[in-house]
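Form predicted on its own, single chain, as structure tokens, below.
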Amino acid sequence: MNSAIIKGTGYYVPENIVTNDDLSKLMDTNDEWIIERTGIKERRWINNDESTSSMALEASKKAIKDAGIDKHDIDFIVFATLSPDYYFPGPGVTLQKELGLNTIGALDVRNQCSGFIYALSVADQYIKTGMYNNILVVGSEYHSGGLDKTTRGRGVTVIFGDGAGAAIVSKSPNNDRGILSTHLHSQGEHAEELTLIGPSTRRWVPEIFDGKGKDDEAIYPYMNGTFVFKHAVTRFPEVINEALTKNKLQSTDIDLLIPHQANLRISQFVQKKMGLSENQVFSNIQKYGNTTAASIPIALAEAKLEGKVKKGDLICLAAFGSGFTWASALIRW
């Protein structure tokens, strides 16, 4: 069986930096309050000429270059996002067009914070079974356009940022390297604890036409923060240990854990519970906020650029979020 390796990575974040002080001018909040609860100092929000797909395009170009392949070597696209350009079609086909690729398949994944690992797991299986040789896996999110930028929405709005990350997953005959395993879970009974109910064919669309939806809180994201935190700090260690057990490894074998950048306090809690040092856990939420499906590929690409991901390293990716869904991937770089 083939081994699936991550051959190249890339990321893109908008130039527009939004600091905590900037947000304090829009709502009743302040820098100290935000940092204490989330660890976030600033985030990027797109300008009007950018979109989920345009950010994905820039990240993809960098990943293709980093992988050292021609774009036409790509056989398939897996695109993870909760914020597509259109209700339908999904952004995978837009990215295929903008990259100027042949009529390859494009699959869209809707698993929010766990989206990139879910997408990576799909690519892993396609490579291992020999169906494709090079797959472009992308996570891209445009949150800022759909946030409630008033005091009413501050608990959610201060957390989220925009950005995109991408990876080229390729076939390799070397079974000593690559994606060792992926582990996926869901618990739909908690779906409405972290959700966006409004934009749907049942609720949001009819209300737009009758003029009643404009000020409806349901058109903005809702998060039961305490409930989400409680479950996240349980599920993160569980799914990381699941991956380690599957591969007969221990937490001390991890060279770098790259968690979904949900909240710095969650990452610090997981670090302590897993007995990891600060050097073993990568965090960049301080700069970019929570970019949902984009957070892990952005962090992976940035960690690689900083020399924190090296050949032979054991890299663990882990995520938890809306759904609830949670997932992990263990990679021998």
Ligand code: COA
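Throughout, we count residues from 1 along the sequence that is shown. These numbers were taken from a predicted model, which means no experiment stands behind them.
Heads up, the form predicted in complex with this ligand isn't pictured, but that's what we're talking about next.
Peer 1: Should residue 223 be counted as a contact of this ligand in the model of the complex, where contact means heavy atoms within 4.5 Å?
Peer 2: Answer yes; at least one heavy atom of residue 223 falls within 4.5 Å of this ligand in the model of the complex.
Peer 1: In the model of the complex, does residue 154 have a heavy atom within 4.5 Å of this ligand?
Peer 2: Taking the distances in the model of the complex, the answer for residue 154 is yes, it comes within 4.5 Å of this ligand.
Peer 1: Closest heavy atom of residue 278 to this ligand in the model of the complex, within 4.5 Å or not?
Peer 2: No - in the model of the complex, heavy atoms of residue 278 and this ligand never come within 4.5 Å of each other.
Peer 1: Although this ligand is absent from this view, report whether residue 266 comes within 4.5 Å of it in the model of the complex, heavy atoms only.
Peer 2: Because a heavy atom of residue 266 falls inside 4.5 Å of this ligand in the model of the complex, the answer is yes.
Peer 1: If contact means any heavy atom within 4.5 Å, which of 238-246, 256-264, 129-137, 176-184 contacts this ligand in the model of the complex?
Peer 2: The contacting stretch is 256-264.
Peer 1: Identify which of 106, 228, 122, 196 has a heavy atom within 4.5 Å of this ligand in the model of the complex; exactly one of them does.
Peer 2: After the contact test, the surviving option is 228.
Peer 1: Quick one: of 65, 287, 308, 37, which gets a non-hydrogen atom within 4.5 angstroms of this ligand in the model of the complex?
Peer 2: Of the listed residues, the single hit is 37.
Peer 1: Looking at this ligand in the model of the complex, which residues in 304-328 have at least one heavy atom within 4.5 Å of it?
Peer 2: The stretch 304-328, when checked against this ligand in the model of the complex, contributes 320, 321 at the 4.5 Å heavy-atom cut-off.
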